[in-house]
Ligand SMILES: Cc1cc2nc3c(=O)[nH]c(=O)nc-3n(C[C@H](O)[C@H](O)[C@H](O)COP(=O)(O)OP(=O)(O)OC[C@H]3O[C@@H](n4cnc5c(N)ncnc54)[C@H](O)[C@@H]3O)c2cc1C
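The chain below stands alone, shown as structure tokens; this is the form predicted alone.
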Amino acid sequence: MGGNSVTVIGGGIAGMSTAVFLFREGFDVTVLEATHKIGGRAYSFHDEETGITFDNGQHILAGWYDNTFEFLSAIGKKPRLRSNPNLEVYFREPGGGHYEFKARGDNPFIAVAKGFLDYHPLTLKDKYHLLSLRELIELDIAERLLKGRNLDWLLEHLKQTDNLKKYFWEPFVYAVFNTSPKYVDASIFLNVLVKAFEKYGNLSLIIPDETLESLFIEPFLQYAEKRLTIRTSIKAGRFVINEKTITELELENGEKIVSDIYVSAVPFHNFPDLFSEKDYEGNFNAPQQFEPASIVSVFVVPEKMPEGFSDRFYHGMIGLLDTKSHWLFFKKDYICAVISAPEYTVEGYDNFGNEDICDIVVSEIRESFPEFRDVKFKRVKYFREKRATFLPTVDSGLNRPDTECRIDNLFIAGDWTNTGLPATIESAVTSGKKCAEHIKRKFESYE
């Protein structure tokens, strides 16, 4: 290799983080984005009717998102976050039943144990069976035990009761994996569990107190202004490959891009389009088959928040039980109801129209929160991100590609790559950091 130029295809979180970590290592980086904006699936939009800027869906961070916080620090962003160093979650169910889980203490295991002792929906039998979790995390055989198993199997194996599943595991899985336990690879679940219990503070679920635009996009663009080359509305065509090396990238407008190194940071469903059929089949063992999963957000804007309501729910996040909505996020001026992978988790979802879903969400808010029964809602807006994530099944785990592949100067980033994590912001950023590390090592080997 004669230089250190890198072309990153895709300007979502994976592409942004790849570019930042590569620049930090001294590489000359160009980012190509097919749409008119940077950010991929993390973006905000302005609603003219209410004057409110909504995110395309409520994103939460976790205390164990080390690479995400490193990325934010690198671009000079100090985020405004609502967080507790320990896990703290509130639940509601129709009829006004309410429960509170609070982990307490510096040792993660002891903190969670204390939280469960005081968590009223659980019986003594439930709490006893939770002891098996520590065993699982500490067992050397855990990885072998879980190979090829889904989370439903694991919860049964650990004798987790129906009560435990309803009041803790299912809401937790919806929040982290965007689907129900039967679609989750048990090995990925264990990876997340290990990270969560690794150190004090990792257990927390963190809600940004600002839009995705101001948290990620604006500071990245400011950072990139004098450091990176960003080209939007530039759609990649195909790689030209000669003897396992990309010689150029053809763009759809006819332009040809020549770099020392190329990084694909496009979503899984766009990845095969970067290759001719022959090149794709010759360099990748299996087709990248993933089941996309959507996230539905319903934005509910009340004429006025109930007196003192915001003070009580300052944390902004409440799990709903026995409802089609999974989580509610309370903002200053509106409520965001989230339904994770409704095509898999809501029976008969395909028969519902957008207005039906909005009516259901409004009804569930009123039934679960007596404070809202007489409150008028001046705006209810439905939004669906169709390919928000993919199902983290056992089969998908077999198909997730590594950072390096058979093509010598191509590296792969994206939340769908082999990061060992579900399709989260942390997975996307981790993939970008891995790309930078692999490229640095490979580039040094050529010198």
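A residue's number is simply how far along the shown sequence it sits, counting from 1. For clarity, every value in this text was computed on a predicted model and none was experimentally measured.
One more form of this protein, predicted in complex with this ligand, exists but is not displayed; see below.
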Practice item. May I ask you to state whether residue 34 is within 4.5 Å of this ligand in the predicted complex, using heavy atom distances? Key: yes
Review point. Just to confirm, residue 270 within 4.5 Å of this ligand in the predicted complex by heavy atoms?
Key: yes
Practice item. Spell out, yes or no, whether the shortest heavy atom distance between residue 40 and this ligand in the predicted complex is within 4.5 Å. Key: yes
Check your understanding: residue 63: heavy atom within 4.5 Å of this ligand in the predicted complex?
Key -> no
Review point. Can you pick the stretch from 381-389, 403-411, 46-54, 22-30 whose heavy atoms fall within 4.5 Å of this ligand in the predicted complex?
Key: 381-389
Practice item. Could you list which residues of 12-28 come within 4.5 Å of this ligand in the predicted complex, counting heavy atoms only? Key: 12, 13, 14, 15
